[in-house]
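Presented as structure tokens, the chain that follows is alone, the form predicted alone.
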């Protein structure tokens, strides 16, 4: 049973927040809920449409919907019994003491006002989920911050389903973070500066001169921002987006946060301590929907394959999540939003007949508007392309994704 109802199931964008446009808000919400249920009730389930809904403005709207859609996005069969272990994992696991310490420090991740008894029960479930996944997958190595991801799933879907979902996530999206060393995690972080350089060379050069590095974004990446955002609504909105996207999308979202704070960074003293302090304190009032849209645009314009050389130049590494898993790579190329958004980008290029990069300053007013229009325009073309892609690849896609 999911136990986050005490927090409510609010939406996450100011453009979805009623006010003077409450009627329009309710109409959009009702329409989206209907489309989600239609996709869920299709035979087979219309996963392409669910991905479109998870990406588009407002995400999946409520935790009740997430409990139905997140398993579909990860291709987890909810009718199968959850994994169990007959062993006393707390006695046997080499990670138990570290997990226990991390979970005890996770009080802020639970809803304010939750009774101590209920929270303590959830913390015990959190420990059990982590230890069970590690026991069933000895190739995975626990890292501090993993519990921040697990607790998000626990609060939304409950212990039974969280175990299955996080296990699948751990062997795909999070796999590089769970290696014996941090080499692959560092390599993924090394995509951050090349993305910034493509968009804003001045900001990139300033940060390089300050020698700030990328460590400020480590907790963002390995917890999917769960550790640094105080509003749970914003956390689950990002999880909607990341679950529907390429495994490297979180680093693109990290880049757009830095780009969004350009003026703050340039106003800093050009030294490591000042810039690191600024960037490590992530604002809580970010325009999430705008940044999500822009992250998609960046992925389209600067896909990982084009950034790999620059990332490798910063630090050599063997593999990243996208190249480690061939099945995942195939699914990404044909179904995930990277391909969808790439199709949209080509269409925009033809329409505008531009000669300069879309996201490189100065941007035209049209593209500034596109970046903030959300569901109707900024991701509308992507939504249609997702459906087309799904039709082209079903049913083969269903067999290839997360086997």
Partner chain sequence: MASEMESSLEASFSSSGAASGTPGFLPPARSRIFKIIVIGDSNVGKTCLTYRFCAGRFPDRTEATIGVDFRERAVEIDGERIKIQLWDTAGQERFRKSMVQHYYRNVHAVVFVYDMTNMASFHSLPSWIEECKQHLLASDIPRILVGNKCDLRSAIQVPTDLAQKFADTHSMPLFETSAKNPNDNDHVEAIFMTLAHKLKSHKPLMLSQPPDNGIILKPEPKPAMTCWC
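Positions refer to the first chain, counted from 1. What you see is a predicted model; the values in this text were computed from it and never measured.
Another form, the form predicted in complex with its partner chain, is not on view; read the next lines as being about it.
- Not displayed here, its partner chain is kept clear of residue 198 by more than 4.5 Å at the level of heavy atoms in the predicted complex.
- Of the heavy atoms in residue 237, none are within 4.5 Å of its partner chain in the predicted complex.
- By the criterion of a heavy atom within 4.5 Å, residue 102 is counted among the residues contacting its partner chain in the predicted complex.
- For the chain shown alone, residue 141 is a contact residue for its partner chain in the predicted complex, at least one non-hydrogen atom being within 4.5 angstroms.
- By the 4.5 Å heavy atom rule, the three marked residues 131, 173 and 257 all fail to count as contacting its partner chain in the predicted complex.
- Note that among 165 to 173, 238 to 246, 106 to 114, 74 to 82, the stretch whose heavy atoms approach its partner chain to within 4.5 Å in the predicted complex is 106 to 114.
- Of the residues given (211, 306, 120, 264), 211 alone sits with a heavy atom within 4.5 Å of its partner chain in the predicted complex.
- The contact residue chosen from 223, 190, 293, 152 relative to its partner chain in the predicted complex is 223, the criterion being a non-hydrogen atom within 4.5 angstroms.
- Using a 4.5 Å cut-off on any heavy atom, the residues of 163 to 198 that reach its partner chain in the predicted complex are, in sequence order, 177, 178, 179, 180, 181, 182, 183, 185, 186, 189.
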